[in-house]
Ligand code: GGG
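Quick heads-up: it's one chain on its own, the form predicted alone, in structure tokens.
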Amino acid sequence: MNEKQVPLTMAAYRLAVLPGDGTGREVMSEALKLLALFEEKSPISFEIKHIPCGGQYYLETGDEWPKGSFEYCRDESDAILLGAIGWPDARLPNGDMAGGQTILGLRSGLRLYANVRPVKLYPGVMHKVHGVHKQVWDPKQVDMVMIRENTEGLYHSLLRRMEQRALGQKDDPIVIEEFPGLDGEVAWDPRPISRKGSERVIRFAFDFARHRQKKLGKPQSITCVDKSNVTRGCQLFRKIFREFSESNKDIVTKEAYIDAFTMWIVRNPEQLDVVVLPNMFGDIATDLASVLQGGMGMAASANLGPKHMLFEPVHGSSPKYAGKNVVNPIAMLQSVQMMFEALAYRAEDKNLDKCADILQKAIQSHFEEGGIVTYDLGGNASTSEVGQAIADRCEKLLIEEFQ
């Protein structure tokens, strides 16, 4: 789990709030509404710094975010909450996505090496299969956590560029290589996977599985997913996973190649507990896994490092739905729940831990009891209506707990 070596000393938790682009701004409004409620009805409090950012901000100002934003997130925040990044035609002169230094620069610059994405199906959540909403999987079959290495692999060069831009530095020089057998124009990306990077995320996965084992009261397995039958980076990743397996005999370990794993995850999700993957494979497989829980609108995530943490819904900015108040806010609200849980663990704050449990209970009971849902789950409720419904449930639980 998250390291504890950086205790929080302030009475109020310092949050950097970055709404980002498109529907990210709309779901962030629901998160802020929820934070205000928890401040009002519980002992916890927040010091919130709003930071505009993203592609839309770039088109308006020529900057991806205000100067000093990276330093604020690094030096003056206990947690970062992000909506979504990305907007059509918002590109930097070199072709990179405008706003990338916000999310990618923070991931790289703050060493947020573990991307944690829970995949949990709530009772009552329908899946859209072949255009029809229905319950395909038993909720008991789908309850896993996918842990993606977050700072290396195929995205390393882009992450490094974004970190350098965030710090006001020049990009690393581009090294030109020749590729025998290829003619004409060639574009390429290196895929470095290091022992240090692999060890820290795999160690995190084992610690997380042990924590989850204790919390759920049942054994947990870890599945390593890679392409070690072909690529050298994955061979190192698999080698290090096996080293950890040898020294952690109390945890059941499994192995899979990414191509076969895409079949496993939809055919036998009940066989998966904790999954650890290199960066690119983790990015793709977690989007596929979101189908098991009702879609991207249900998929939350945490980006964790030794000193910092950032929380965001997995979905993007959904430009075609922006301004319509129709997207699912649950992924954002679930990301807030993960933030509560991680902050509580790091600060050993029992009140915040209770708040995390309250928010989790509110979300689960909402679906179990047939609460209103947005279009992606077969309903017609608005973003704000679903957000308010979750807030109303939280308010009742908060009064019971603290007043």
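Given the structure is predicted, the values throughout are model-derived calculations rather than measurements. One rule holds for the numbers: they count along the sequence shown, beginning at 1.
Separately, the form predicted together with ligand GGG exists; it is not shown, and the next lines address it.
Asks: At 4.5 angstroms, heavy atoms only, are G105, R161 and F281 all close to ligand GGG in the predicted bound form?
Replies: No, the candidate spot makes no contact with ligand GGG.
Asks: Quick one: which of 137-145, 179-187, 77-85, 245-253 gets within 4.5 Å of ligand GGG in the predicted bound form, going by heavy atoms?
Replies: That would be 77-85.
Asks: May I ask you to choose, among L292, I193, M97, C224, the residue with a heavy atom within 4.5 Å of ligand GGG in the predicted bound form?
Replies: By the 4.5 Å criterion, the partner-contacting residue is M97.
Asks: Taking ligand GGG in the predicted bound form as the reference, which of A90, V314, V119, C234 has a non-hydrogen atom within 4.5 Å?
Replies: Selected option: V314.
Asks: Would Y155 show up as a contact with ligand GGG in the predicted bound form if we use heavy atoms at 4.5 Å?
Replies: Result yes; Y155 sits at the interface with ligand GGG in the predicted bound form.
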